[in-house]
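Here's a solo chain for you in structure tokens, the form predicted alone.
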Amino acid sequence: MKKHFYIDITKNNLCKSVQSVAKITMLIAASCFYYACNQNSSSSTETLSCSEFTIQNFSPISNWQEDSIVRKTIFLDYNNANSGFVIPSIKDVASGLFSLEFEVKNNSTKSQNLYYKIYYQNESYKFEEFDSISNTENVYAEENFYGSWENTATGFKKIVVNADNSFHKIEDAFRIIGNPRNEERYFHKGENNRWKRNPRIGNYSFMLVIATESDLKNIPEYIQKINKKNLPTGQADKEKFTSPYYFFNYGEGNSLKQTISSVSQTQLKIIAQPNLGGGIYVDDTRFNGEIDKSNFCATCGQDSNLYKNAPIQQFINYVDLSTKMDNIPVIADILKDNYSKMDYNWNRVFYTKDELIPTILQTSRHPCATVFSDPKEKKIVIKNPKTNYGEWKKESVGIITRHGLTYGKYRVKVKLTELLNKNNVWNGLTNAIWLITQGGGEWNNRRTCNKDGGYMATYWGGPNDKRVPAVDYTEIDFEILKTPPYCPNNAFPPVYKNPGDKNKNISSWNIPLPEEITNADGKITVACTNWDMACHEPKNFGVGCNPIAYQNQTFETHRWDHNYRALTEKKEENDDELFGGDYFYFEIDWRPTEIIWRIGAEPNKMRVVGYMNDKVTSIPNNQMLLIITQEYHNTKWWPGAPYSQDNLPFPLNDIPGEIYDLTIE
């Protein structure tokens, strides 16, 4: 498997609080009797009553245009997003706030105080609040992304309602922000770094809760103020956040007689679609020493506009010294020159050791020379640079997003390099679309692993690395290259014969590939991998080859041993289909309990090529970034590969790849 490393970008991130101001009309009402409260309403216009009051016309985002009756859509604003995404931004709504409206009527015979609060929650990527097996709150519900007023010290807001038997409108405002519970783990030197827990994309629900003064006393502080944790009596080690959605819909709040909780029929759909023509930022800490700025331009570099607004950064793969090779001293365009299998076999045999070129796989030393942001066509072009004689190099190239997210359906439209030529010889590159931890240490640690000592402590530590309860490393990969597709054992075919060195005896050195390779000569392997750091908690954690079924397909998962940090599935696909056309789509659907890998010619024609769930692997729950690369791999990472990287030529020409769209929803 590939080896790499990424360190998070340093950011200064303080998101200013915006206080919501309620405009309240005090009214007089006549007395009337109503039935007990409906705790599970899902209608914005439905009238809901209890004996003390009635509400109607709850509209949580009344100032945002509708796509349909029940769903509104907004796109994340990447401008000035280094401090975290804000929904809505001032580009969406001048005030930068959603307008909240509802109408209330006092049913009692005298003026009374009522108390209200708005909650929002991401519904697309959550754990169900109620655990039907234990009949209690789901242990992972506290991980759900929910919020309320930006100032978590503000609990329920008071409204004074006199009695006049009329409905009157209450207006307020709020927004969706990162770190909505204001958790200390995301603070640094007193600053609330909201970007460390950015809002999730997907659908959001809105729940309005209104209570009488007497009922308010029975709503715990950890529900009134979502930054507080529930500390059960005598269970100091069980302190946790409690979901307000659980409390009011399933828990003790569901039995409060003078409290109404209403979940709006209207949902908000949030989509991320960074402008790929918006520029590429260069983080000079990723380049050793002084950097060459000669290729900087308006769309790639380090100016203040790019720092604030560019959604993409140049990615620099970690250079692993194990990639050191003695490479054949040949420069060729494998794809265009129809480099043959006979060429490959000759060149791997008939160069002496003294003629071979000692080298390691490289990354760019000249930022912006191999990555380009096109503002006109809103695309990114990457290219593996050609090699000149005497300047021997195989250089990986790629880009990485700058703003981390947790969960999502990441779909890219790309035209990456073809991997095989007309003779089905591999060019040595791996096309990769992958997610990687945003890093950061404790603030971005994944969920604790409690079994057998936890996770392997480091990415690089090897099989004898210590185990620890928590790590921040996560990775989910598409890696596409020429390698056998089947699930391997420690000893497995194909068997490659060693060539002879008698140049006049062609059959001695021009040895054909094994039949299991030539039967799929025009195909490449799509490898789908989740780096779970060898956490043993999944109940079906396995070693070797194990089947998993999904949608009438069976996939073979593979792990080398109990300390191996990744689980992989492989599927053969036609190289011409994936990379020979004008474009192709790849999708990583990362959910709280499963990961689905899809590919297809169009978004509505995707097919599943990989599937894993939390029964077989630990699904990451921290914040990650997306990377797209054309990279040179050490083929020792892929046992059974029919071509060895050191026996493939250096590139004669630049090898381009184009990225047309990135959508996360």
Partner chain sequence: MNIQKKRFVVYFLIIIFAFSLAFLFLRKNNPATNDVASKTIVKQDSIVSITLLSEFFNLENNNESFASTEKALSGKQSCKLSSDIEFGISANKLLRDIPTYNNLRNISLKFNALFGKENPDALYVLSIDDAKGKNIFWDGKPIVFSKTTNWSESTLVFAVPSEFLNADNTITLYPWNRNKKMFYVDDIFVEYIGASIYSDRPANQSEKSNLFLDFETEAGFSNADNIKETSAHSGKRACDLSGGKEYGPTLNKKLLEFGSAYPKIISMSMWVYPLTDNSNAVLVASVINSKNETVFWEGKSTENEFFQKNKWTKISALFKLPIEKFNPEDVLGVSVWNKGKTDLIVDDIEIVYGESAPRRGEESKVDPISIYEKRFGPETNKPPFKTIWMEKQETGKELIAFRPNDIFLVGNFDADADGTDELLCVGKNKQAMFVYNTSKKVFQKVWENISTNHQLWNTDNIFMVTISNGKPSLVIQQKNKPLAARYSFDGKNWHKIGDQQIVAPPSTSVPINLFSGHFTSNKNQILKFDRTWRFDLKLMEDNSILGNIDFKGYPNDFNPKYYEFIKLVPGNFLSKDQTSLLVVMCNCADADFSGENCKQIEDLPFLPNSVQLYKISPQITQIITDKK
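Positions refer to the first chain, counted from 1. Every value quoted in this text rests on a predicted model; they were computed, and no experiment measured them.
The form predicted in complex with the partner chain exists for this protein as well; it is not shown, and the discussion that follows is about that form.
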query: Since exactly one of 340, 249, 83, 224 fits, which has a heavy atom within 4.5 Å of the partner chain in the model of the complex?
result: 340
message: Within 4.5 Å, heavy atoms only, which of 134, 552, 304, 352 is in contact with the partner chain in the model of the complex?
response: 352
field: Contact flag, residue 424 vs the partner chain in the model of the complex, heavy atom cut 4.5 Å
entry: no
- prompt: Should residue 515 be classed as touching the partner chain in the model of the complex when contacts are defined as heavy atoms within 4.5 Å?
  reply: yes
query: Would residue 159 sit within 4.5 Å of the partner chain in the model of the complex, counting heavy atoms only?
result: no
query: Going by a heavy atom distance of 4.5 Å, is residue 115 a contact of the partner chain in the model of the complex?
result: no
message: Heavy atoms within 4.5 Å of the partner chain in the model of the complex: which stretch in 340-348, 445-453, 371-379, 582-590 meets that?
response: 340-348
field: Members of 388-416 lying within 4.5 angstroms of the partner chain, judged by heavy atom, in the model of the complex
entry: 389, 390, 391, 392
